[in-house]
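First, one chain by itself in structure tokens, the form predicted alone.
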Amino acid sequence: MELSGFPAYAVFFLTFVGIYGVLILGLNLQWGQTGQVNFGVAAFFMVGAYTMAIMTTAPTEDHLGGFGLPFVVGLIIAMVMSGALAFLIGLITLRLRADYLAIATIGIAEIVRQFLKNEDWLTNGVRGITAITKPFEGAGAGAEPLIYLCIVIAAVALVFFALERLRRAPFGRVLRALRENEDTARASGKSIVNFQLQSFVLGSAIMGLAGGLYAPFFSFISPEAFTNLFATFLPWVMLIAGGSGNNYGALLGAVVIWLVWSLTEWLINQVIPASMVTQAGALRLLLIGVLLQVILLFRPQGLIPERFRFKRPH
């Protein structure tokens, strides 16, 4: 039986939050664990999505690719391409100070977006890539959204538990040492650039995985879907609100902020006249900004602080 009404929206909401959750887990590894200010999240998210679309769609003359590869293979290649881009960027930018790194990654993200927007032979330009199919499409009447939700949940769980193991491992302790004091870590004989590069590449590959999940979910992508608002600003707000440095907080922030974002959209549609909907979009940004300021003032460590641990029952 095909889902409709609130159940259909609930499945959509949870799937989208799950994709954002994967994206924010990658950002948490870079910022929360290592202290890297990456304001170019959109670049790696976008590369993952376009790679997935090119690798898995049917043959076409509209853009490069149409290789029709399996879903899982497309996800792997999406991660590899985003990680490779991060490797090239990291070799140049990771030696910069945090503020310069932030500026550099913003510029790189816009360069990537403009490149994908203007190279019609590669991405079909502003017209985007269509007919991106989900796995198990046509498996049953109305079952595809639930199946895809299960796939996204599995991806979130896999990334979450892998990063939790990494956080507890010696590698994770070195990353936190770099975040707190690079000079002390260097005095201990650690290669600062190597560890930073590994963290940057791994976090970006996870962002590419999120992009690979995003493309089949909507079955269509274009450069306009990866604006700095949705692909950089909101992920940062989610991470800060949830609690950077804590993977549980990263996932909670994704749920809370996207819930607030969705509720404000519903309220605007209910209260604001149709002629003022465009202006009301700025009001949503203002509300999210105010919420972020409130969190920073009254709970700067986020909803779940980094040092918070869930106790296991005996």
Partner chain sequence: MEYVQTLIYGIVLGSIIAVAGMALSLSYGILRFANFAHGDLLTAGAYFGFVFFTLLGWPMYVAFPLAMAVTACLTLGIDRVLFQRLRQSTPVILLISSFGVALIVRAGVQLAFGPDTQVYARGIEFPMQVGGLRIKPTHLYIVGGAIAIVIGLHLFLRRTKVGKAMRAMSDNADLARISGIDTERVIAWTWLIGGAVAGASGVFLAMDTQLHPVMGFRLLLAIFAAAIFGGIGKPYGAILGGLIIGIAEEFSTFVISPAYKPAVAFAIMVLVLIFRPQGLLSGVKT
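It should be emphasised that the depicted structure is a prediction, and the values quoted were computed from it without experimental measurement. Numbering follows the first chain given and starts at 1. C-alpha atoms forming the largest set that superposes within 1.5 Å between two forms make up the rigid core.
What follows is about the form predicted together with its partner chain, which we do not show.
Asker: If we take heavy atoms and a 4.5 Å cut-off, which stretch out of 110-118, 68-76, 197-205, 159-167 is in contact with its partner chain in the predicted bound form?
Answerer: Contact criterion met by 110-118 only.
Asker: Is Val37 part of the interface with its partner chain in the predicted bound form - any heavy atom within 4.5 Å?
Answerer: Answer yes; at least one heavy atom of Val37 falls within 4.5 Å of its partner chain in the predicted bound form.
Asker: Is the gap between Ala10 and its partner chain in the predicted bound form 4.5 Å or less for some heavy atom pair?
Answerer: Because no heavy atom of Ala10 falls inside 4.5 Å of its partner chain in the predicted bound form, the answer is no.
Asker: Although its partner chain is absent from this view, report whether Ser219 comes within 4.5 Å of it in the predicted bound form, heavy atoms only.
Answerer: Taking the distances in the predicted bound form, the answer for Ser219 is no, it never comes within 4.5 Å of its partner chain.
Asker: Verify the contact flag for Tyr100: yes if a non-hydrogen atom of it lies within 4.5 Å of a non-hydrogen atom of its partner chain in the predicted bound form, no if not.
Answerer: Within the cut-off, so yes.
Asker: Name the residue from Arg186, Arg127, Arg173, Arg95 that puts a heavy atom within 4.5 Å of its partner chain in the predicted bound form.
Answerer: Of Arg186, Arg127, Arg173, Arg95, the residue with a heavy atom within 4.5 Å of its partner chain in the predicted bound form is Arg95.
Asker: Give me the residue from Ala282, Ala58, Leu259, Leu267 that has a heavy atom within 4.5 Å of its partner chain in the predicted bound form.
Answerer: None of the others qualify; the residue that does is Ala282.
Asker: Would Leu286, Gly289 and Leu297 all count as contacting its partner chain in the predicted bound form, using a 4.5 Å heavy atom cut-off?
Answerer: Spot residues vs its partner chain: full contact, yes.
Asker: Listed by sequence position, which residues of 151-168 have a non-hydrogen atom within 4.5 angstroms of its partner chain in the predicted bound form?
Answerer: Stretch hits: zero.
Asker: So that I can tell if Leu296 moves, could you say whether its C-alpha shifts by at least 2 Å between the shown form and the other one after the core superposition?
Answerer: After core superposition, the C-alpha of Leu296 moves 2 Å or more between the shown form and the other one.
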